[in-house]
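Okay, so here's just one chain, in structure tokens, the form predicted alone.
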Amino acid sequence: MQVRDKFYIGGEWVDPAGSGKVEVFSPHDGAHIGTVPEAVPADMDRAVAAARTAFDGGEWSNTSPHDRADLMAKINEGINARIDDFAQTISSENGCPITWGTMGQVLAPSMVLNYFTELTREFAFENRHVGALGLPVVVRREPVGVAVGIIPWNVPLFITMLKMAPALASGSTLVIKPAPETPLDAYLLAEVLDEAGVPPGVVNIVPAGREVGQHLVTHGDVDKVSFTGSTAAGRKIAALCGEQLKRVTLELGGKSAAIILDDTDLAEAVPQLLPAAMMNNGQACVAQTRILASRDRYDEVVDALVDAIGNLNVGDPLDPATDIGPLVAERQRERVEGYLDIGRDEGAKIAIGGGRPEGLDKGVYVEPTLFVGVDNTMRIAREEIFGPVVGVIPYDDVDDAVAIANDTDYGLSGSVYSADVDTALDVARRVRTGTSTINGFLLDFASPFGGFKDSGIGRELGEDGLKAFLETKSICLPG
């Protein structure tokens, strides 16, 4: 049980302006695991003012890239010293299996921070070249200013790092708004930042709900917003930022397709595919939830998936043997179970799962579920379910598979499975999605990540992720 009563603003632990509380409950058994204060607009105003002062004063924005990188490395040391604390806290908050959580929720964020730390040391924040008129020009990459990071509940530390690491690298300052479902790990991060000696106001952490988040997005002293979450919320944030011509990065939903070509060895592919489809209890925007199999091998693919899903262990997220934990909250289970009903009504069949697991009555659990006989026009094939539910869609030939993969409002992730990597690469090139993997699932932290279509605007990770927090200035010099 963690009880917090202050916010981390301006390098200090400060009292909230309001009296509201955010109560955190375990999705495994409903236990009350934490309480934090809930911010009101005045708290956000204070956090933005602290970030604005830290930026305008120049102490941080004018710090050398080498010194910024040294501080980032120190922060990373603090995170790695508390791996177990972070992993257990996040798994307790959102139900993520601890074995996946240690890697996906803590070590992966550490790797992201390490990447941006090294990039900060080598990135050309200023260069000089001869322009089109034959005169010298200095091109500078300068920090965007005060940035806001709005964090979802599914992978909170990882998403925080996609925003905090490049913000620090750029010399910008940041206000982080954790999700109400997962505020506890953000306090661990605040402690790490404080111990590392981050200058006052450079990073501020203030949990709040949606309405206060909107106040933060529209704040006049905020220069950039970086949001990860639903497409519906992303549209609203994009509109608000557009009204103010405010810089914005949006990483939104997905309905990614995994294309299994006919030469695929299923014994090798399924152990790679299933974790990509069911990762984080299916609560991942990059999850490969549409599995495309040719009609010739459809039954074989279904049988292999049914066997694999039947061997998944469902239970306590803190048990290292668990593969699938609970969903984050009862409302999420209601959503997922609603889609189970929709799929049945649309004519799809459940090959395995489709109910609540026995013996787990206290928790917010849903059985890992496989739909078969799925048509790409069905809602279960077009809308993001965000739970451990996948569907197998038949295709006629490779052209048909590509057409089905592209027949979606989303374009975030995807994969292609084949014994011939070159053939798979040709197929992946034809799928309109921001990231794709051949024979598995991978996010490369040194490469851009983001979505086509309704999956977002802009890119995170790689140099593109840093440039999203930079403004470009050209200075023309006399000859």
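In case it trips you up, residue 1 is the first one in the sequence shown, and so on. What you are looking at is a predicted structure, and each value in this text was computed from that prediction instead of being measured.
What follows is about the form predicted in complex with a small molecule, which we do not show.
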Given 201-209, 296-304, 104-112, 359-367, the stretch touching the small molecule in the model of the complex at heavy atoms within 4.5 Å is 201-209
(message) Residue-level contact is defined here as any heavy atom of the residue lying within 4.5 Å of the small molecule in the model of the complex; does E251 satisfy this criterion?
(response) yes
Contact with the small molecule in the model of the complex for A179, defined as at least one heavy atom pair within 4.5 Å: yes or no?
yes
- Does I352 reach the small molecule in the model of the complex if we count a contact as any heavy atom within 4.5 Å? no
Answer for G343 alone: is it within 4.5 Å of the small molecule in the model of the complex, judged on heavy atom distances?
no
Exercise. Decide yes or no: are V14, P37 and A190 jointly within 4.5 Å of the small molecule in the model of the complex, with each residue judged by its heavy atoms?
Key: no
Residue within 4.5 Å of the small molecule in the model of the complex by heavy atom, from L412, M44, A428, A69, is L412
In this chain shown alone, the residue from G387, P143, P317, G213 with a heavy atom within 4.5 Å of the small molecule in the model of the complex is G213
